[in-house]
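To begin, one chain is listed below as structure tokens, in the form predicted alone.
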């Protein structure tokens, strides 16, 4: 599984579960956001990644 900002790269390298992130310098959030918004962004991405691990995939899948 990849949590990444440039999903086509993950597709190219063959990752089977791909979870999109926010931005290249800060994939799991935006440090200029308010702390509560930042925590919500991070929580959503991590929860999405954990859910992706519980789902069987055949080939590649991007979890939005």
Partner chain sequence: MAKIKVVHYINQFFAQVGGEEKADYPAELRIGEAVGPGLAFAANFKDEAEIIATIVCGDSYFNENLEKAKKDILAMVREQAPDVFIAGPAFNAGRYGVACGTIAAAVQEELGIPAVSGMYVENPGADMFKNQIYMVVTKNNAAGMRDAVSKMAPLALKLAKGETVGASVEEGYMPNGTRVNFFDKKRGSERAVQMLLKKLAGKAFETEYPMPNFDRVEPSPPIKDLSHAKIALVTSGGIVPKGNPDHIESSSASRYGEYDITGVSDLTEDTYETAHGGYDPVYANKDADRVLPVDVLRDLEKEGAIGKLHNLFYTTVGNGTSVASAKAFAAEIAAKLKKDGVDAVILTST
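Positions refer to the first chain, counted from 1. Predicted, not measured: the structure shown is a model, and the values here were computed from it.
Beyond what is shown, the protein has a form predicted in complex with its partner chain; the following relates to that form.
- Taking the partner from elsewhere, residue 7 is found to have every heavy atom lying beyond 4.5 Å of its partner chain in the predicted bound form.
- In the predicted bound form, no heavy atom of residue 62 sits within 4.5 Å of its partner chain.
- Residues 25, 26, 27, 28, 29, 31, 38, 39, 42, 43, 46, 47, 49, 50, 53, 54, 55, 56, 57, 58, 59, 60 are the ones in 25 to 60 with at least one heavy atom within 4.5 Å of its partner chain in the predicted bound form, listed in sequence order.
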